[in-house]
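Take a look at this single chain in structure tokens; it is the form predicted alone.
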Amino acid sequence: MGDTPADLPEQIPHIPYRRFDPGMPAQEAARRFYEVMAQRRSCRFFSDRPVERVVIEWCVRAAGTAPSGAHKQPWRFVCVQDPSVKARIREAAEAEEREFYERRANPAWLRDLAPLQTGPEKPFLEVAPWLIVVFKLARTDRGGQVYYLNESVGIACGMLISAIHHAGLVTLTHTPSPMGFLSKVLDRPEHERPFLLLPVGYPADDATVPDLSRKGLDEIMVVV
């Protein structure tokens, strides 16, 4: 038998939608946003210049506006500024990275990484004033089901990265594999699973990034 009216949850009331007005034609607004985001780069060289907690809070608030399956909001953003905790994260991350570079990664993967000059050493995990560790919730805090988990958390992470860039800061998407050590170091409950590690701060004065180019519109967009 199907649900009876008494079994169904109370419906969420609807309110009038208030459209965001950029104050300019849509084409101009879209172009300006692109020009800001086109300057975003993943940065591995951080300054130890402090970043106020309120800045991180606003960035996390922005990430929390992301859409999610059935509005379950299956994410947790653990923001780390304690130097001793950052040191423990770096130690554990580098141990996993050494395993990756020495044993886990296949030759093709290592060959693709070689031009980027990456390696197991991750000093930015201690230098950056903040680490934001994103956890995905395999169930809600009350034990309920979640939907489109990876998609929902992935969208929130993209919005978080955009907010960090818009604040004039830099970050790096760091994914040591496996990441279970983050749950232990940060003492997170079993239903929270590590998803992404983002060091956040200002770039070092002498920071450099690889001279990369992005795919053109004709390579990433199809109109039918």
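Note that the coordinates shown come from a computational prediction; the quantities given were computed from them, not determined experimentally. A residue's number is simply how far along the shown sequence it sits, counting from 1.
Another form exists, predicted together with a small molecule; not displayed. Remarks below refer to it.
For residue 175, a non-hydrogen atom is located within 4.5 Å of the small molecule in the predicted bound form, even though that partner is not displayed. Although the partner is absent here, residue 119 lies within 4.5 Å of the small molecule in the predicted bound form, judged by heavy atoms. Of the heavy atoms in residue 101, some are within 4.5 Å of the small molecule in the predicted bound form. The shortest heavy atom separation between residue 109 and the small molecule in the predicted bound form is within 4.5 Å. The contact residue chosen from 92, 113, 138, 85 relative to the small molecule in the predicted bound form is 113, the criterion being a non-hydrogen atom within 4.5 angstroms.
Here the chain stands by itself, but in the predicted bound form one stretch of 70-78, 150-158, 128-136, 101-109, 101-109, has heavy atoms within 4.5 Å of the small molecule.
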